[in-house]
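Below you will find one chain, with nothing else, as structure tokens; this is the form predicted on its own, and questions on how it binds or moves follow later.
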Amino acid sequence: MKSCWMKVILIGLLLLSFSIGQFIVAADKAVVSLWVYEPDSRNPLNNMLAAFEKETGYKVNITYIPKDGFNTKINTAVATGQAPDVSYLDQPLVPRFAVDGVILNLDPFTKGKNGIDKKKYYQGALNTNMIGGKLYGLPLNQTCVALYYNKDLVPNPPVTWDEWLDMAQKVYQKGKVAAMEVPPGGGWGAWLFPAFVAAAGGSMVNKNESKVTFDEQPGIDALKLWIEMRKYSNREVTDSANAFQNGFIATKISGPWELKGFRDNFPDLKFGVALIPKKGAKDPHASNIGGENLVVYKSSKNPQAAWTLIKYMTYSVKNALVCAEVTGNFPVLLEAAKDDRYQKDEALKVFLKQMETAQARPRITSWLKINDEVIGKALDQALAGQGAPEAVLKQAAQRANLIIKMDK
């Protein structure tokens, strides 16, 4: 009888040991909740995450959300304490989330065996996550703008502003051919404007991002260029439907999202893509930058697992797959950009080259407001001839600096 009881106790201990072991393993295999935009196809991301789970032992619970309602849903989740571990976040929203203490400072995770070398990212994309010198996310994808030109009108694209203006005078035909699709004001024009300010050797804000500087000489020169190009770009031409595609505009500034439509719908259009002209020989071929980042929320119960996930999606050649098949934009990792999907397309190669000097938007929490309500309106005013560039930009800078001051 004693021997029988001993066997029962031994079996019980073995079962208990097995259960505890199973619990420890299960506890170690953390679950990461991930919120993303709804893509055209879920398969590529689902397959990648399945591979991630197999390689790491972590479990990913993914939620697909339509892009139009994404920011509203994230803000609601944060306000109600129901934020995911990880989500996409539009670049200009990172500063606000960081300052509000919603997302984690990731610098501690970048060190050691599971860390990263920040130099392996495109610096413009990485800088969209740098707030006050600290890293609050990893770039997921990026895009920028470059110069489209009609090869029938412009056999060789301009390199400097002087060449661009010279080209403008040569191709211009009043009411028939416009030299450039001059950017309008408003939010779109204000998003493009920093590329021209940087191409004149300037910046939108000072080094510590405490005040704006777009009213200094580079900004004035950039706005004067737009006004001058308007002289050779009649609105009745540039505002007509598909004017560039139909051969009525020599140059325009836009992004890679135009390529498929040009190629599929306008097969007779002979166009090229070049770097945005710079003011002088020593100035950069600058551009602006757009895209999304991956952030980890402070409320995350599994920050290490969350870090492992965002590193997996951005810090390997898999980033090329994410961008090509899920988000539709360009890789943020220099190594991933060597993927044939980008290197075999001459136009995409130009955009990748342009991305090397793409400027991150100022990491100011109120920048979207300044972009749309201050800079955009100032550009509209100057382009309509309702004030000299110097005066218009000075007034806009005063308003912008007041917003920055009130936001602190």
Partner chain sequence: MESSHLAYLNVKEIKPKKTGHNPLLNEKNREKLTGYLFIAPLIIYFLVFQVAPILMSLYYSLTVWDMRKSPVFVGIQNYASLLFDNLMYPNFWPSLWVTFKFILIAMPFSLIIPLLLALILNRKMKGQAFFRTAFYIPVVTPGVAVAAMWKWILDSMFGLVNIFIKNTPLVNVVIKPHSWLGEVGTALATLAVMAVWGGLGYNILIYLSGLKIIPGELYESAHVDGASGFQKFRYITLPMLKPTIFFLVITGFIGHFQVFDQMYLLTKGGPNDSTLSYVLSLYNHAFTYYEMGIACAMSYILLLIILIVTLLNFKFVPQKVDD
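Numbering follows the first chain given and starts at 1. By rigid core we mean the largest C-alpha set that fits within 1.5 Å across both forms. Model, not experiment: these values are computed from the prediction.
Note that the form predicted in complex with the partner chain isn't included here; everything after this is about it.
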Ok, 168, 192, 102, 326: which has a heavy atom sitting within 4.5 Å of the partner chain in the model of the complex? 102
State the residue from 372, 53, 345, 356 whose non-hydrogen atoms include one within 4.5 Å of the partner chain in the model of the complex. 372
Quick one: in the model of the complex, does every one of 79, 96 and 402 get a heavy atom within 4.5 Å of the partner chain? yes
Is residue 48 close to the partner chain in the model of the complex, meaning a heavy atom pair under 4.5 Å apart or at it? no
Just checking whether residue 248 would be counted as a contact of the partner chain in the model of the complex - the rule being heavy atoms within 4.5 angstroms. yes
When the contact criterion is heavy atoms within 4.5 Å, does residue 339 count as touching the partner chain in the model of the complex? no
If we define contact as a non-hydrogen atom of the residue within 4.5 angstroms of the partner, is residue 31 a contact of the partner chain in the model of the complex? no
Stretch from 299 to 307, 281 to 289, 228 to 236, 211 to 219 whose residues place a heavy atom within 4.5 Å of the partner chain in the model of the complex: 228 to 236
At 4.5 Å, heavy atom to heavy atom, what parts of 163 to 178 sit next to the partner chain in the model of the complex? List them in sequence order, or say none. 175, 176
Quick one: once the rigid core is lined up, does residue 102 have its C-alpha move by 2 Å or more between the shown form and the other one? yes
Take the rigid core as the frame of reference and indicate whether the C-alpha of residue 295 shifts by 2 Å or more between the shown form and the other one. yes
